[in-house]
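Taking the form predicted alone, here's one chain by itself in structure tokens.
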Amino acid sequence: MSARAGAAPPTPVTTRGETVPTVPPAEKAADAVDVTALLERGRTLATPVLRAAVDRLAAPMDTVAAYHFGWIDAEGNPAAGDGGKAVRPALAVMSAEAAGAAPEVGVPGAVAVELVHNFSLLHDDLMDGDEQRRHRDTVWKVHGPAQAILVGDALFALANEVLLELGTVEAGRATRRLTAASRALIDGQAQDISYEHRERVTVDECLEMEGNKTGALLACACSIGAVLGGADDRTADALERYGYHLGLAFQAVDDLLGIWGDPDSTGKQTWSDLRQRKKSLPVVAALAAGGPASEKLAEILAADAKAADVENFSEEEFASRAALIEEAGGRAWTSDEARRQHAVAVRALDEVEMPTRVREEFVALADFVVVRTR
């Protein structure tokens, strides 16, 4: 999409057959919902099963995986590292309750989704050259690229084992959804890499990529517990729609943090997405907006594409690019898009009969996604 002088930032697009609204969500979850407790419950239920799965790996993959999850440090000593936000395990457990099952029913799904998610992180860190994750050196930096690849592959295989060894019809249905989501996630990563080498990417292309890379697995997390609990496809599909649009909101916020996030909170370098030449939503929206700032940004990024050492640019050079993105409207548009996708996600919950408490928890977790700082 070429920049057009004087044009406004892109209008909301149609995704998954539904037009995204243009107003921020008016609904808020009940104040009584403790999102931190929801996340901690998902982590507490899933972690013992996750550890048991990782323990099956042959040495040294078991140790490398334990380092990645933050259970040990680089020397092999026990550690209480940051294991991530645990949004996906929380959603899987909540989806079991949405289907009327006990939260524990969703635990194998929570573990399987978490294994696939971390498979993608191990490979993404290597492909993107990221040296830091969760305030620590990444696996490829500590243990080498070969181990990052092998352990990622092993986690992917374990995810399917954890589900299929249940031996139930529901486990087979859940595995089909997980494998479909995994394929979409890989498609999204391939799109992301290819976009780095293109001068222009449209907003629709960017949203499709982010829907694959982030939305698909979150969608699976939101349905997999319900499927294991015996929910029909109509219920599971509605929960997937919630998760898909929640994933787009989640990624929009990630894109903002990838440029303007505080490194002390994100655990990544300043301007991390700009260093990697990522065509994230703020960049794409700014380039599509038109106007002087958009045109100047396009010229600078075109020159950057020919430079071999963009990661070694000064902080001032990255700051100037971030300022142009903001001036062109990319930051504001992406923030609004996160809120629009949030609203679509919450509306999908209306299609599912579930306890009021569980619905409020889904809404509260969606609220958390669009206001987080890490």
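Heads up: residue numbers just count along the shown sequence, starting at 1. No experiment lies behind these values; they were computed from the predicted model shown.
Same protein, other form: the form predicted together with a further copy of the same chain, not shown, and the subject of what follows.
Not one of Tyr67, Pro78 and Gln132 places a heavy atom within 4.5 Å of a further copy of the same chain in the predicted complex. For the residues Ala307, Ala58, Ala37, Ala32, the 4.5 Å heavy atom test against a further copy of the same chain in the predicted complex is passed only by Ala58.
Proximity to a further copy of the same chain in the predicted complex, taken as a non-hydrogen atom within 4.5 angstroms, holds for one residue of Asp153, Glu196, Asp233, Asp204, which is Asp153. Shown alone here, Lys268 lies farther than 4.5 Å from a further copy of the same chain in the predicted complex, counting heavy atoms only. Contact annotation: Glu165 falls within 4.5 Å of a further copy of the same chain in the predicted complex, judged by heavy atom distances. In the predicted complex, at least one heavy atom of Leu126 sits within 4.5 Å of a further copy of the same chain.
Within this chain, Gly172 lines the site of a further copy of the same chain in the predicted complex, having a heavy atom no more than 4.5 Å away. The stretch among 43-51, 331-339, 58-66, 344-352 whose residues place heavy atoms within 4.5 Å of a further copy of the same chain in the predicted complex is 58-66.
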